[in-house]
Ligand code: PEP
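Listed next as structure tokens is one chain, alone, in the form predicted alone.
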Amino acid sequence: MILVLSKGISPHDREMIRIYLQDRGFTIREQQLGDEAIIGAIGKGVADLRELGLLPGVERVAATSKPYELVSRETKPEDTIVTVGPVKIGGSRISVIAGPCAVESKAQIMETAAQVRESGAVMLRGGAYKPRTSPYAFQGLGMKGLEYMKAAGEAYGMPIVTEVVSPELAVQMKDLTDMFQIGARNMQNFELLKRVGAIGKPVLLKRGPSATIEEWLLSAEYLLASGTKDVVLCERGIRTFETYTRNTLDISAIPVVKSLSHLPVIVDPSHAVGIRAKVSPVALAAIAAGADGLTVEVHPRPDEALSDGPQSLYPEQFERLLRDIEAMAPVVGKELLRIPQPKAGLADSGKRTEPIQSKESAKVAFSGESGAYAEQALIRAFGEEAPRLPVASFRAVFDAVLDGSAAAGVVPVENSLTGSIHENYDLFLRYPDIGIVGELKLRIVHCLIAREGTAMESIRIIRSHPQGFAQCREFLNQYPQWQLETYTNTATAVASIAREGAAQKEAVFTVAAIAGEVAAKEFGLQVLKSGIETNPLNYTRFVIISRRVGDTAPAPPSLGSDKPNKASLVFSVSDEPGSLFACLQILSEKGINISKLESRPIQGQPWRYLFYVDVIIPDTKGVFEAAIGALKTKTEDFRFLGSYRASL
């Protein structure tokens, strides 16, 4: 049983709650779980839940039906997001941890850190102490290896996670690691769990090779009950009768555990299969099943590895895997987490990077109300904790960024079913001081939303944004009697029904809205039908905008990449044969791929057009810059909207 305490509870009231529970036979464990102070009442005591709920200082009482209480979703319905330095594990992001099985030398861990960081890993893994089945196998470099690993993490701006194998070592290691790992062999080493939990650092808890899901969650309960509030569960395969792979990945454990517990779940595909060629397919399957991230073994030269070489990816394989994850992420409603690169020269010098702030100090603007698709895109780009500024229109987003009310903004520019959102393309011309600094693609699943108790046959009015109507055209065609009312945002349409319902207008039972499920939950309405978009392959491309400083717009730190792979341009050409061809020829000869080309009328100049172009930036240094220089000589009005990191 869990008692959630009121914020600002007095010491006297807290003590009276303790006495009340102890007098009735309970063992007391106090814990800070996120922002909430709780008291766990454990044991065979007896108490009336109604009386407990009336005690001064008690906000609510949660009686769990599971043997694990702090871990249970009954205790904490919302997902926990574990913070390790600048890294957030859980929520809407996919976090990838990478590194060698074991730290073998300073040069090896530095080389590996550089390679996995360049590919997109956000945390560095590696074993300084290696519990091995054979007493003759490489056991690790000990504290010296941990010092090498810490230096590599600091040089390349990554928190580190490493395995702790004994309670005594936990105390020695606590100042050198950012996150403890409890290995599969130690999952039920309860003295180790209690010691590590009491230290309070984040913990990565691997499932034992023969452990049930309940046993795994009870081990997590030990950690939370001992003091830490940040635990990440790691599925790494269990032992079965199958011998072809090293273990059998229990992929069903991912959705099962996420339904039972609020803790984030990641997967170790390297130990799950033990075969290099099988690691990437299994990793992608884990992401598809809902994993919050991966921990992957990567080695510069796996054939020379002192530990687990056959299951370690080559750096180029790891890079390909992250590109595949980046492409898959929008399908499962997530975004690959990236964190800022350290300042130039620090990696070479071995100096510590500046602390990376994981929380934006300024707001991010979006059009609409809470629950809008743009807000979902904002969360994918900046994280759940990003301070947000909802505004009334797309133009208001640009205004907020321009006047400094917001550090950045999120606006949609294109939908896979209905095409470009021309209003926002035109706004880039009206706001030359605003540039594009990022991009993401959000899968759009539209729902028919109404007050609870509304029947389909009673609906007369549908509210949504024009894009919502356009993307659900085939569904709406089945109900020609419905009257369509246009709103500036899908979430605003949902909010209007909730507000009218609060005013007890009976007519609201004849009104429904088209929006996302998040908006329905936000305003307490019911989803009558889900997936009503014309085609399930319905994606909206959002761009992140920022105010220019000089010729470029700096990306907010939480976007986390200094290596753009895409750029957006707009230009006009002279009214003569071959003028557009000459521009496209420059891009072709430089080997630059065009991903989008669209014309828009120039306002005030009938039958004259601007051309919007998105291009893929080649890896070869200087080629893109040379192409831009050549384009400027062939165009009449050239504007560089921005270069940014995009999912390809």
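Nothing here was measured: the structure is a model prediction, and the numbers come from that model. All residue numbers are counted from 1 along the displayed sequence.
The same protein also has a form predicted together with the named molecule, omitted here; what follows describes it.
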Pick the stretch from 283 to 291, 426 to 434, 379 to 387, 264 to 272 whose residues have a heavy atom within 4.5 Å of the named molecule in the model of the complex.
-> 264 to 272
With the partner left out here, if you bring back the named molecule in the model of the complex, are 101, 130 and 206 all within 4.5 Å of it by some heavy atom?
-> yes
The named molecule contact at residue 125 in the model of the complex, heavy atom, 4.5 Å = yes
Considering only heavy atoms, tell me if residue 302 and the named molecule come within 4.5 Å of each other in the model of the complex.
-> no
Does residue 320 reach the named molecule in the model of the complex if we count a contact as any heavy atom within 4.5 Å?
-> no
Considering only heavy atoms, tell me if residue 334 and the named molecule come within 4.5 Å of each other in the model of the complex.
-> no
Which of 183, 371, 86, 564 has a heavy atom within 4.5 Å of the named molecule in the model of the complex?
-> 183
Only one of 236, 150, 73, 278 comes within 4.5 Å of the named molecule in the model of the complex by heavy atoms, so just point that one out.
-> 236
